[in-house]
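A single chain, nothing else alongside it, follows as structure tokens in the form predicted alone.
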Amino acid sequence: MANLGAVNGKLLRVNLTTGNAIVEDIPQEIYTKYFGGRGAGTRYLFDEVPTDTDPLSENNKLIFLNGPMAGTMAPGSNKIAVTFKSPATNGIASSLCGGHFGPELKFAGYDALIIEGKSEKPVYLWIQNDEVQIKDASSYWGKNIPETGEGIKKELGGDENIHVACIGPAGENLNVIACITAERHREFGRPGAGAVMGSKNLKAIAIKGTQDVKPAKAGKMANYVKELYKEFANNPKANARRNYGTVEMVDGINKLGFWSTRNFSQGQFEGADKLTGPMMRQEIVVEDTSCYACPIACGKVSCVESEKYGTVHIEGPEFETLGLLGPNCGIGDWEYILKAAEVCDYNGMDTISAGATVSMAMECYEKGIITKEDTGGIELKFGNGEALIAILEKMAKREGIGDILAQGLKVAAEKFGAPELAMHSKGVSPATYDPRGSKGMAVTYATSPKGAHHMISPTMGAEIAGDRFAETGKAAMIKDTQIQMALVDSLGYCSSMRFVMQVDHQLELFKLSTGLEMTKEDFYTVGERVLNLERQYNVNCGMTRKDDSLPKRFLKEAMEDGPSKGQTINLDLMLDEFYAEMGWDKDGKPTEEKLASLGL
């Protein structure tokens, strides 16, 4: 492969069944056609994991891929993607994690890491440049996230420059909403990466690297980045995110009437004024934190002193965590929200999916579908913070009703006999934005390849600036946003960088980092290619238009009050328009002509 500057072009492949670790060259075509991250991960999954693979079998793989700018000073270039077949959707999934874990893999000399096979006993992987070891992790099995990370660092000599990604009890117990946690507070979240890692008996991955990353045009890149940092310093949205984290969105979304409340039965939470960014800053934030190469530093370390729970100390909560564990469960008390987040963080559970699952169970309880006998004596009503925390602990351990809930809200609701109360698409819950108040999000949730994930195409901002209730005329905007997010995820930088870094900036940073020349049209083609390859993988898994679905609540039950009052969603109308825009047939399958035009 030609010299591509910051790109190492090396893939570390570790087989846990045989214990072998080999280094492979990554073909240059991967970078020119998929960039890295989510895009390249999709290519590897498509080629290496058959669509009939059981997601929790040893034949599934965890495919970690950095973006081409990882390890440089390109703003926010810290996101590494893991791609796998999801136990929640039985289709493709990719999840991105910020912090320092991805750059550290780059400093160790690798752009990618593929984990395959299954160990007979619990192990962890230790990567120190070209030294790769599979080490016994029996003493860590059953331990929570902080205990595992701190213990492994101590075992390896106590070097704080070692970065650890691990699973907690939820992943060990194959909970389908288990995540992989890097450095205690950064997660590969949503559709079950932690369960896949647990199914392999892999407790953790520890990395320390000492190699340099050298952009193709280092001097020009340094000057370009310096000017971008000035723009971030003067950008109002970036400053709001710096001050309040993602919670800066609370006031706007709640006032517009589409903040998920009580299992998405309402769009406004009556206690929202106590949960805004300024209130969070005043009441609980004690420190700001930053991921690698980030000019915003949106991370917020928060703390409450609780009579019941003692000192509760977390990073966040992020807006999504706040929404799903808070108002969507009818809870507006920082004490309970932070403790619930801590339970998820310690056990390695995705907070969005966890909150959505518990809120579904709360509605079932309030309607008499499940009883106190089912919950083990817990009064699982909306607004009961103690009940939320108790149920989350049961989910992590798979005890009692927690064993059912750990199978995901779709399966759990079916077992309760109330499938209509599960707010999901493809088995994965939406984020905290109710699509009845921002209808482009209906298409985002329904067509997301990994279930109802908001960051596939966050259309909220554009819709708020226009007609957020319109159901026609949005397909081009949704497609463009999906393409841009596929680029963001494949280039490997944080989506918050889009406050300043538009496509022209991304293209220039890619050129300066790799030395590869590319037109804007070619750039967009990469994003569209990623979307269609993901779609084709799911089609090959047997997914059709019927899987691009939304719950009855969004389609038939009008919002009862607030600024989004009276709204439902005509999803079929929106899907017809979107499929046509994408070049897919009426069933949502990419046409042969579309695939051929993208070199697929």
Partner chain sequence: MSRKVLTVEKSKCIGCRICEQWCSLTHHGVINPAKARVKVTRIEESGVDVPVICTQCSKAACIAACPEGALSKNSKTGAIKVDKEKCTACRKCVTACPNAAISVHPEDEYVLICDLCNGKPKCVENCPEKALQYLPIETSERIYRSKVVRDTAKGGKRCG
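Numbering follows the first chain given and starts at 1. Everything quoted here is computed from the prediction, not taken from an experiment.
Absent from the display: the form predicted in complex with its partner chain. The rest refers to it.
How about C303 - does it come within 4.5 Å of its partner chain in the predicted bound form, if we only consider non-hydrogen atoms?
Contact check for C303: yes, within 4.5 Å of its partner chain in the predicted bound form.
How about A297 - does it come within 4.5 Å of its partner chain in the predicted bound form, if we only consider non-hydrogen atoms?
So A297 counts as contacting its partner chain.
Residue-level contact is defined here as any heavy atom of the residue lying within 4.5 Å of its partner chain in the predicted bound form; does G492 satisfy this criterion?
No, G492 stays farther than 4.5 Å from its partner chain in the predicted bound form.
Using a 4.5 angstroms cut-off on non-hydrogen atoms, would A465 count as touching its partner chain in the predicted bound form?
Looking in the predicted bound form, residue contacts with its partner chain do not include A465, since no heavy atom lies within 4.5 Å.
Residue stretch of 70 to 78, 119 to 127, 259 to 267, 443 to 451 approaching its partner chain in the predicted bound form, non-hydrogen atom distance within 4.5 Å
Stretch 70 to 78 is the one.
Listed residue that, although its partner chain is not shown, lies within 4.5 Å of it in the predicted bound form (heavy atoms), from G189, G316, P215, G427
Exactly one listed residue reaches within 4.5 Å, namely P215.
Proximity to its partner chain in the predicted bound form, single hit among E386, D288, D403, D273 (heavy atom within 4.5 Å):
In short, D288.
Every residue in N161, E183 and Q211 with a non-hydrogen atom within 4.5 Å of its partner chain in the predicted bound form?
Result yes, every residue of the spot touches its partner chain.
Even though the chain is shown alone, can you say which residues of 99 to 117 have a heavy atom within 4.5 Å of its partner chain in the predicted bound form?
Stretch hits, in order: H100, E104, F107.
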